[in-house]
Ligand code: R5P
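Heads up, the chain below is alone and in the form predicted on its own; it's given as structure tokens.
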């Protein structure tokens, strides 16, 4: 068995390889003149663990071609680890005739892989599309460890959607928790308020969410928390995309920490241990 990394998950793959003692497969990956991806596994395989996020969405093609290369190299058993499962937010038809992207990706993966591990799927409905082949790995304990080490006073969720996870983080870290009230005004604008009776005055705040995409919710939450006297705001998330950059957080956010599900400059936490543990438990069962 070998771990086969896609191009956007090489760092995480290397860490998981080291923890499990499963070597990385040698792979040749390049682009043709028209930009199309070429993938070749450079050695025979009997079993393979493919590790690849779907962000950016070129990662989807990378996963599919990498799995086919592993199959053509002789792998009879191929497992997939998706650190970040993009397209999961479209998990239903919200308007007539829409494509349900979470369902389509799940069908592609179910067809090609024995098991599909996903770190913090954005919605329960998304995991449901994977059926019995899907297994979710939750990263709240990873965030809680960092939250505690950073000396925060309280864990705050930016809305009710991450309330349960925020409470789990706070329990593990041994801290109180608050969730903010969010009202979406438009696709790009939200209104944030602090619940009545809650206070953040002179507190070091851990503002935690599962994913930061445009970062609008985190920015508005940080502004409100600063206006209400927060001493410092440390932002934490599992998946950090930051498609609008981070410069606009200046003056509101004191630090940003993400996991390495999407590898980037703020990946101060790693999910490698929980991913490795889940893989080990599965392959030894």
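Note that the structure is predicted; figures quoted are calculated from it, not measured. Positions refer to the first chain, counted from 1.
The form predicted together with the ligand is left out here; the points below concern that form.
A single residue from the set 257, 67, 54, 217 has any heavy atom within 4.5 angstroms of the ligand in the predicted bound form; that residue is 217. Here is the short version: of 201, 76, 89, 183, the single residue with a heavy atom within 4.5 Å of the ligand in the predicted bound form is 89. In the predicted bound form, the ligand lies farther than 4.5 Å from every heavy atom of residue 140. By the criterion of a heavy atom within 4.5 Å, residue 81 is excluded from the residues contacting the ligand in the predicted bound form. Although the partner is absent here, residue 213 is a contact residue: one of its heavy atoms lies within 4.5 angstroms of the ligand in the predicted bound form. Residue contact with the ligand in the predicted bound form: residue 122 places a heavy atom within 4.5 Å of it. With the partner omitted here, the stretch from 105-113, 147-155, 90-98, 204-212 that lies within 4.5 Å of the ligand by heavy atoms in the predicted bound form is 204-212.
Residue 159 is the only member of 126-163 with a non-hydrogen atom no more than 4.5 angstroms from the ligand in the predicted bound form.
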